[in-house]
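Presented below, as structure tokens, is a lone chain in the form predicted on its own.
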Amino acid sequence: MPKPKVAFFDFTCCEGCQLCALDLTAEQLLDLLAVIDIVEFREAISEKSDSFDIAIVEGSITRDSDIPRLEKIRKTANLLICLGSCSCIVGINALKNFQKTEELQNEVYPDAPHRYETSVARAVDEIVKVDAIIPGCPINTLEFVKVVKNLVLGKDPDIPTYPVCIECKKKENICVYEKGIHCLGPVIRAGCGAICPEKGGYCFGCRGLVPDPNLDSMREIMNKYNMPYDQIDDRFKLFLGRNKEIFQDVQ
């Protein structure tokens, strides 16, 4: 049976997640290429293809003129996978949605504010149907390989639905709240290995919300440690601008 053809595409993003997808050992690469045939990947090959079975899309949609291209990709592919925060949850690009378009254009391009097209930043699933996600900023390379192989084999992508706090507890990390620092771990999807809290930082939400986030638990934790609510807004806005309502719901 022929291997499924895979094509990579990018919209508004830094393309860092595609670079992570390339950051494979020789063994991992051979393992992946044993089950797929990459027919288009601008970061790695010059070839292009109008025929593919799986589309892997990085980047959010920030221009209306990009929508027809995305719709064509969706129509061609049997499966569409979102790669990274920008495509999965809009990510940092959603920060522009908190500003008026005119003000934004004048700030970014003061000499020619209307030269470049822009619109509200949207995740890919706000435009077309998405079959699977690989969240993160950047993605986890091993998770990328696992998800692609699982889909090719007809299995569940196996993306965690529990919060980052679970991974912190497994690693016996000191809770960031014990240090007097706001952290979004209680409501953010795990799968990163709690790398930011483990390295002395905090979870800033790059993998997006867990399904049905427990906001009551988040409030209880903040009250327990006497953490002010106004500071949590900026944490949520960095990656979760798409979910503006959570800023108010958690208070």
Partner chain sequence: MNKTINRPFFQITKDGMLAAIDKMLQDYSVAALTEKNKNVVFDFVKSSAEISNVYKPTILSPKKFFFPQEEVILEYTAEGKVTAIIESKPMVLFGIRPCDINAKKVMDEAFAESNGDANYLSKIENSVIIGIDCKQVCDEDSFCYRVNSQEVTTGCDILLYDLGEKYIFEYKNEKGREFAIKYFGSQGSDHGAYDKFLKEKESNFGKTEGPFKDLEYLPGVFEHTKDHPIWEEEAKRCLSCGSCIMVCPTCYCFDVADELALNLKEGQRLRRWDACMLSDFANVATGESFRKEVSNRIRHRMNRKFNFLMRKHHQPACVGCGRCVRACLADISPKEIVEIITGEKERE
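All values derive from a computational prediction rather than experimental measurement. Residue numbers count along the first chain shown, from 1.
Here the subject shifts to the form predicted in complex with its partner chain, a form of this protein not shown in this document.
Checking 29 to 37, 62 to 70, 201 to 209, 47 to 55 against its partner chain in the predicted complex, the stretch whose residues place heavy atoms within 4.5 Å of it is 29 to 37.
Residue contact check for Phe98: none of its heavy atoms lie within 4.5 Å of its partner chain in the predicted complex. At a distance threshold of 4.5 angstroms between non-hydrogen atoms, Lys146 is in contact with its partner chain in the predicted complex. Its partner chain in the predicted complex comes within 4.5 Å of no heavy atom belonging to Arg42. Using a 4.5 angstroms threshold between heavy atoms, Asn223 stays clear of its partner chain in the predicted complex. Relative to the shown form, the CA atoms of Lys171 and Ser217 are pushed 3 Å or more farther apart in the predicted complex.
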